[in-house]
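Listed next as structure tokens is one chain, alone, in the form predicted alone.
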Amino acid sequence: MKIQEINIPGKLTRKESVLRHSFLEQVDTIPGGEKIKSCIQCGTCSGSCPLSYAMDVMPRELIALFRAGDIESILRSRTIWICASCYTCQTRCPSSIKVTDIIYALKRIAMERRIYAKKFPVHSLSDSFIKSIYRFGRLNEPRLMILYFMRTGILKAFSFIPLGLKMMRKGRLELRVSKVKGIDGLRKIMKKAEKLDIPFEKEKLPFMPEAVGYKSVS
């Protein structure tokens, strides 16, 4: 008999609790990641983001959803995949929150848990890229796009044929691809990297009286 979880106000579901634990573990590896708790919801990050117009969840809302215990909604959003990693939100944040680094952490969790946005398969492009590098040691654009369209809808590929032919005439597209020298060594490095845990050490800062109270904002 399957037991259905009931959402109780103030209590996380089992799935959300697991996602939250994974997220906090990732944030713990970011120097200064604990500052996520200091968000004042000023909206500077959202206002500074050059791609916010294409996002379904603003950067400010990412923090709000985390506080509300709804990480799954963040992982199913397009926002974490649209981020251009320009770090504008991070450099302008008055609370020094590592917004971009936190978005990277959310991407890793989404890929580990296979929780993606519907009708926005950009993660498939990332998987196809890694497979191309693993097989040849370099990127081959035609192969990359073929793998991508095979996973997301082969019919979409036909709309790119005119662009592909134009690039071939300009000598910007090669159908042949050869493996780099020492491909076995590269594959060993990639396999080893997948198994490695990220080492980190928390920075211990000395207590500064001037960082407390009115002195900290004067």
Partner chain sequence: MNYNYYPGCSLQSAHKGYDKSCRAVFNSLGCDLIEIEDWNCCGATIYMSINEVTALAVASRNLALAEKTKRDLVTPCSSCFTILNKANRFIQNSIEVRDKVNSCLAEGGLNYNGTVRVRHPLDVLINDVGIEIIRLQIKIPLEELKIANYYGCQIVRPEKGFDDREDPTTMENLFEAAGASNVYFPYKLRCCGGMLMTTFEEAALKLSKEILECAIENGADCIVTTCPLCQMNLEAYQNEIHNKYKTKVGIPILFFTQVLGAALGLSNEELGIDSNFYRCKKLVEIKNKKSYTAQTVHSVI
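Bear in mind the structure is a predicted one, so any value in this text is a computation, not a measurement. Numbering follows the first chain given and starts at 1.
The form predicted in complex with its partner chain is left out here; the points below concern that form.
Only one of the listed residues (A68, M150, L51, C42) places a non-hydrogen atom within 4.5 angstroms of its partner chain in the model of the complex, and that residue is L51. When its partner chain is considered in the model of the complex, D56 lies well away from it, no heavy atom lying within 4.5 Å. Although the partner is absent here, A64 is not a contact residue: none of its heavy atoms lies within 4.5 angstroms of its partner chain in the model of the complex. Within 4.5 Å of any heavy atom of its partner chain in the model of the complex lies no heavy atom of S95. At the 4.5 Å threshold, heavy atoms of A193 reach its partner chain in the model of the complex. With contact defined as any non-hydrogen atom lying within 4.5 angstroms of its partner chain in the model of the complex, the contacting residues in 151-182 are K156, F160, L163, K166, M167, K170, G171, R172, E174, S178, V180, K181, G182, given in sequence order.
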